[in-house]
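A lone chain, given as structure tokens: the form predicted alone.
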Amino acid sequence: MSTSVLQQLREIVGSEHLVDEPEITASYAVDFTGRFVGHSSAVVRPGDAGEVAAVVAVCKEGGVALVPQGGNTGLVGGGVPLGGEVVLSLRRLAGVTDVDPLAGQLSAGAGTTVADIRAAAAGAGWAYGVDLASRDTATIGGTVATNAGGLQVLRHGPTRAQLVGFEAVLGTGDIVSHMGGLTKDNTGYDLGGLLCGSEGTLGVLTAARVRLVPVSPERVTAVLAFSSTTAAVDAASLLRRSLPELQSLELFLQSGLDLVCRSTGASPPFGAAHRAYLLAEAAAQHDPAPTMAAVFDSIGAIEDVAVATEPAQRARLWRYREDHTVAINALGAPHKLDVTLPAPALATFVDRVPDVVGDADPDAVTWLFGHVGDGNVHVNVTGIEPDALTVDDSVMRYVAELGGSISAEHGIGTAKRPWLHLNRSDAELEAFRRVKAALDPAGILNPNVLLPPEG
């Protein structure tokens, strides 16, 4: 990057918000897993959409690539400067700017954390439909960029289902804003829906307006034990059919539970070991416990059950599932391959994929958990080098063979670019490239993620 471009960026955001000291920029150049590490000559921290537009315009003119970054909680290398790009940090664009209790909507800057959005919604007598373990650091901009799912997709859908308005800066430097939040608005292309899941390759989200959902104050959380993955998956289907109040439905295995208990010092939920576990949470405005208990009684395959209604006890049960990520990360930088399977193939995949991994690399260890209610399995692999791709290739091809998706909610990023063709046709990829060329003609926005190189 030229001195001239650097000086122009400094003038836009102010000297205190352009960081070029290597010891500071390094913290922006590594992802949450530690697997993806890059470098950047500068981190630019704009304070509003106008400054973002000015930064994009200068970089477009100077041919300088940008990586938009929010809370940097990504897991596929999509938000770090692996090619030496300038980091466009959106953390200053934080804060809920408008809450509309009548419409059940709120607006927030892209740097606002999911936890802060949830708190603002609660203050207005509503709830936000997206929740995930990284809620305290993940930002609304990042979750829109990846169309994040999380723990309540089963009931409320992913981030795209919550998005009712947006403000963004395209790769042209133009600001586009459609923040009205009208529930019915058939006035042409859904640019917000297009930007959601685009991983910062088409535009830089600067603000979002999201729909809110009714509060469900009465909650019951349960961990159910099963002797087989098939029994757990079958039970998950029955729970979905029989329990309208079901909000979250998670799967984990004995090996993962043992790791979490060793890592955190927690006691296991049961005295005996079991093959598979479901964590089910029902939430309603009335007590869902009687309905939940009746459904459990109808599932003969349940070997043991732990139920909690008080917040502290429910949190303890949730830790068995949510602490998987941190416990696995403590073993070394994992390969995180979040995938979706068709319901009929889900149990087969969970049981078979450790063998697929082991055949590709005998030193690899597989850890499985995920959102069984929507078919999403998080395949975590430890014991292999960060840049080794043999295991990734085997898993991605097995997923495609079973009719699944190679990315459920973390995005494609850098990690999965080589395998996007398994789920998308040549015609689709060409359409993606044309959209990219239209909205980011200079190709400066996150150029090393999502789309595979041509040729």
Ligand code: 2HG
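Note that residue numbering follows the sequence shown and begins at 1. For clarity, every value in this text was computed on a predicted model and none was experimentally measured.
Below, we refer to the form predicted in complex with the named molecule, which is not included among the displayed structures.
In the model of the complex, no residue of the candidate spot (Arg118, Gln162 and Arg209) has a heavy atom lying within 4.5 Å of the named molecule.
Stretch-level contact analysis of 407-415, 50-58, 422-430, 386-394 against the named molecule in the model of the complex, using heavy atoms and a 4.5 Å limit, identifies 407-415.
The contact with the named molecule in the model of the complex, taken as any heavy atom within 4.5 Å, belongs to Asn380 out of Asn380, Ser198, Thr221, Gln152.
This chain is drawn without the named molecule; in the model of the complex, the residue among Leu257, Ala232, Leu93, Leu75 with a heavy atom within 4.5 Å of it is Leu75. Looking at Phe369, you'd find a heavy atom of it within 4.5 angstroms of the named molecule in the model of the complex.
Interface membership of His274, defined by any non-hydrogen atom within 4.5 Å of the named molecule in the model of the complex, is ruled out. In the model of the complex, Thr325 approaches the named molecule with a heavy atom inside 4.5 Å. Residue contact check for His156: none of its heavy atoms lie within 4.5 Å of the named molecule in the model of the complex. Residues from 320-350 that approach the named molecule in the model of the complex with a non-hydrogen atom closer than or equal to 4.5 Å are Arg321, Thr325, Lys336, in the order they occur in the chain.
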